[in-house]
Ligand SMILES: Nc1ncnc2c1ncn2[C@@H]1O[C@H](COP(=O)(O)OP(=O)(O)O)[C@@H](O)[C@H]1O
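Next up: a single chain in structure tokens, the form predicted alone.
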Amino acid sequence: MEGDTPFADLFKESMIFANREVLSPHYIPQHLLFRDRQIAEIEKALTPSLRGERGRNLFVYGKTGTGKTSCMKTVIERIKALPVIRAKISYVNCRIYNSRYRALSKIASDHMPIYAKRGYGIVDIYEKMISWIEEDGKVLIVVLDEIDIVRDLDDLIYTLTRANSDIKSGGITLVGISNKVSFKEDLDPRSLSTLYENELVFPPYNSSELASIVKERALKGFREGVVDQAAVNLSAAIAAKESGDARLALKIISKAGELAEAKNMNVVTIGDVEAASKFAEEEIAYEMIGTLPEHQKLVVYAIALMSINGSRYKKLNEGNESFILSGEIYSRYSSIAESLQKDVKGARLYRKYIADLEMQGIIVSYESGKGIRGHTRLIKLSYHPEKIKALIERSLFREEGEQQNNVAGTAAPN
């Protein structure tokens, strides 16, 4: 027909969605439900820095989807709106700026763009940052979101915290945001010794809170009458059962809308929510795996390889599911780390990695019983090993290439 184009369907007005952006996990509403106390705590912790004083560092913890980043960004916007403050802020997304050099370059680009260009090494950027702070005695607040992802985290923390010893007027306040309360256990004692911090833990949302959050977004994101309360409650209940993750609840309801739209329906049903939950949980899991700290990623990679190719010994079967011995996984992880010229972590940290991965739902495990010599854990992946293998290989090879390319940039010039 005249007027039809290959892209005609793309420009049709949606019968389901009014504003898809509102349903995105990255959308930050003007008022964050159930997080007034946490926002007030962050503001209280940063108040001395805003007055130009050297305040205590702040570490914010909580599972994925508990509102840590949204609250921090809300506070940053409020601070920027203040008429007079003696502080500057740099927000650093450590998923992107995942090394000391990258993080310092981001800070430089925020406030001293001329020194953010390639060719300046860490020493140059550090010295210029110190001079910039001292010129009027300001305080630099550095927010490191997903701080545990930084590859050389010890070096970054040591550099930023010890800078206060070199700064004659002004200072640096560090805010770290992490999904893992235990991440500091991996730090070197010299880094830990420089920290003087407050801590704030974000609790997971309960089912009632998630239902209120989803309902508020659904009223703006969907057309009137498209989603009923039963569908909202189910998406909230699924997310609350999994982890109390608001991001998961929003992904479920948004995906349910897409499924209804694909069927040319004008209402989102409970069946759509049930189907969407499988897609959303898997999507979030793969996002999570892609941004794991380096050695946790290597452990998952070892499990994926062994799940595909088998171990040196026969895998143990429990019903229709195959499990792998924890000790075999550690041996495979060690071989992979050595082949990539990484320092192999000890058994204690390895056990902590396994516990973290299980807490995030990436693996499942149980203690060995009778018939297996010794005392060990039996482990299996919760998701498709082929997909995980491909995901981690893309991530690992990209990071290795970038690390080699940045060697010259991180060296201080003569």
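Here the structure is a predicted model, which is why all the values come from computation and not from measurement. The numbering used is simple: start at 1 and walk along the sequence shown.
Below, we refer to the form predicted together with the ligand, which is not included among the displayed structures.
Novice: Just one of 107 to 115, 167 to 175, 276 to 284, 241 to 249 has heavy atoms within 4.5 Å of the ligand in the predicted bound form; which?
Specialist: Residues of 241 to 249 come within 4.5 Å of the partner.
Novice: Is L349 part of the interface with the ligand in the predicted bound form - any heavy atom within 4.5 Å?
Specialist: No.
Novice: R35: heavy atom within 4.5 Å of the ligand in the predicted bound form?
Specialist: Output for R35 is yes: heavy atoms within 4.5 Å of the ligand.
Novice: Heavy atom to heavy atom, is G55 within 4.5 Å of the ligand in the predicted bound form?
Specialist: Contact check for G55: no, nothing within 4.5 Å of the ligand in the predicted bound form.
Novice: So, in the predicted bound form, is Y366 in contact with the ligand at a 4.5 angstroms heavy atom limit?
Specialist: No, Y366 is distant from the partner.
Novice: Tell me, out of K63, R377, K389, K380, which residue has a non-hydrogen atom within 4.5 angstroms of the ligand in the predicted bound form.
Specialist: After the contact test, the surviving option is K63.
Novice: Taking a heavy atom within 4.5 Å as contact, would all three of P25, K68 and N179 count as contacting the ligand in the predicted bound form?
Specialist: Each of the three qualifies.
Novice: Can you name the residues of 256 to 282 that have a heavy atom within 4.5 Å of the ligand in the predicted bound form?
Specialist: Stretch hits: zero.
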